[in-house]
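Here's a solo chain for you in structure tokens, the form predicted on its own.
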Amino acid sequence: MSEGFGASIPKSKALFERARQVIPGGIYGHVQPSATIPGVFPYFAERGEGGYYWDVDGRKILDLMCGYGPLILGYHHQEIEEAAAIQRAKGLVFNHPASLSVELAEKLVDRVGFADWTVFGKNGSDMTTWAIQVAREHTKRSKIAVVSGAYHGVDAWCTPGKGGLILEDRVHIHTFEWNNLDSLQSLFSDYAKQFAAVVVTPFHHPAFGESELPHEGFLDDLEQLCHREGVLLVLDDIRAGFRLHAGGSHRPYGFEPDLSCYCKALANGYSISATAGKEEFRKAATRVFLTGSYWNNPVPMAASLACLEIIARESVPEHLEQMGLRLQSGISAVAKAAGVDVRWSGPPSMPYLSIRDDPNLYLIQEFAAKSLDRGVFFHPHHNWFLSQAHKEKEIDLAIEVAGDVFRSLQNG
């Protein structure tokens, strides 16, 4: 594994030691050190600009994770920051929602196409959990079907963690296999008329595993099956939303969910999430309580309005796909030249890289560690994210570093 972590970033290590005294685990959740490579990747960030960020020890790092997805336009985007600053000068939290909430809801309803209404929250889990409550309220049923290995948030019904859970938290949660409609039909047959919702992502992105795109017709067939069974189809578009298409991920895959949840790329880093739904579920939506002290903050809404405008105006999803294809072809070429067999999965704008004959992920971790030493953040076992700030120059730098690392791995 990469050497010199303690010597090269002492501030990060010292800060982590302080954090351990006052924060359980020091750093928790998906950004905890064990989620990448402990003792190698930086623990704390200082600032960001464009497609780069700096850690607390001053190292400039090309960021191919974009804060795990939110920064679809890159760090400190001028137009986003200006829109947020104008609203910030007026105020952050009031006794009432601001008019921007209406403007943003109108924008989302128009943008996603199938929807007639929208509500807002702060995090992805806010929306996926609320969406299944709406489904239960509408259908008066209890059971929820999810794809095995899928991630939908941190609430008790879906968290990948085990601490604090009781058996009753998951008694009505059932799993089926991605791209296998028969496995879902079997659930519907075993529990006749008991399912309220099926929750899916536009493509399957399990933890520590390769992404899987939907087979031709799978999502459309899934939609039809749900309609026949009186079950709501809920799209968890938290991770991919507005990266694959300016109108949401249902559009390129040719299906329509009943409810769709958005978050990460909605406001280029500002904290906001949303669920959009069809008219027939409006009454149920009004009966499921939804609130938070900071949820009506209009600053993220201003950022979101600007972000959605830029995504469509500047064809950002198309740019991400082009840069993703450039990255994939370039890294594949330098890997092949170095004698390393790599493979890609997932959409080009959200690629997942793996190395063949690497069952324990040792090689990909070594690749990510040595790349980080050279100033490029490749996550070893999570899909990457590209941003509008990644141009040919940044992609070519990533390819160059990958080639250097692959050669060093073979030499070693």
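Residues carry their position along the shown sequence, with the first being 1. None of these values were measured; they are calculated from a predicted model.
There is also a form predicted together with a small molecule; it is not shown, and the following applies to it.
Q: So in the model of the complex, is the small molecule close enough to Thr201 to count as touching (4.5 Å, heavy atoms)?
A: Although the small molecule is absent here, Thr201 would touch it in the model of the complex, with heavy atoms inside 4.5 Å.
Q: Even though the small molecule is not shown here, does Ile238 get within 4.5 Å of it in the model of the complex, heavy atoms only?
A: Heavy-atom contact with the small molecule at 4.5 Å: present for Ile238.
Q: Going by a heavy atom distance of 4.5 Å, is Tyr253 a contact of the small molecule in the model of the complex?
A: No.
Q: Report whether the minimum heavy atom distance between Gly277 and the small molecule in the model of the complex is within 4.5 Å.
A: No.
Q: Exactly one of Pro317, Gly124, Gly248, Gly269 has a non-hydrogen atom within 4.5 Å of the small molecule in the model of the complex; which residue is it?
A: Going through each option in turn, the one that passes is Gly124.
Q: Please tell me which of Gly330, Gly153, Gly149, Pro214 lies within 4.5 Å of the small molecule in the model of the complex, judged by heavy atoms.
A: None of the others qualify; the residue that does is Gly153.
Q: Can you tell me which of 93 to 101, 238 to 246, 141 to 149, 297 to 305 lies within 4.5 Å of the small molecule in the model of the complex, counting heavy atoms only?
A: Looking at the other structure, the answer is 238 to 246.
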